[in-house]
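Below you will find one chain, with nothing else, as structure tokens; this is the form predicted on its own, and questions on how it binds or moves follow later.
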């Protein structure tokens, strides 16, 4: 069955909210920590990874929360997709390389990949635990 307008509207609304939230986090990160390192991008990507892992576990087939397909896609593809940003991460990494900050760029890439995966894993484990399932 083809997705209906409700599904696309949920994704668009979630994406708009996630994008605005990311922008506000970027402004706060720069104001609090300065522009020397992309802490805000790292933070939103870790938080978004955690959120998508948690939400997927809680609203999955055996999850404790009911969510319609539109709600799931609105949060996961929309909000989490708009909140996190691989494109900004890529651009910031290139900018660090262009500035000759190779160690910082490589550290940023390594720390980002590790913390994103850890965030999604922790969110999933927490969601599974909240569902009452053993987390192995």
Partner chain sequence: MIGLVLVALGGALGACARFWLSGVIARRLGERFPWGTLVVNVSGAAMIGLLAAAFLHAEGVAEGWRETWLLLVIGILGSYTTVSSFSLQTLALLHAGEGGRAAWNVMGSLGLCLAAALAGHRAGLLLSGG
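Positions refer to the first chain, counted from 1. Quick caveat: nothing in here was measured; it's all calculated off a predicted structure.
Keep in mind that the form predicted in complex with its partner chain is not shown, yet the notes after this line are about it.
- Contact check at 4.5 Å (heavy atoms) against its partner chain in the predicted complex: none of 65, 71 and 131 pass.
- Although the partner is absent here, residue 126 lies well away from its partner chain in the predicted complex, with no heavy atom inside 4.5 Å.
- Its partner chain is not drawn, but in the predicted complex it has no heavy atom within 4.5 Å of residue 38.
- Not displayed here, its partner chain is kept clear of residue 58 by more than 4.5 Å at the level of heavy atoms in the predicted complex.
- Interface membership of residue 109, defined by any non-hydrogen atom within 4.5 Å of its partner chain in the predicted complex, is confirmed.
- Applying a 4.5 Å heavy atom cutoff to its partner chain in the predicted complex picks out 45, 48, 49, 52, 53, 56 from 39 to 62, in order along the sequence.
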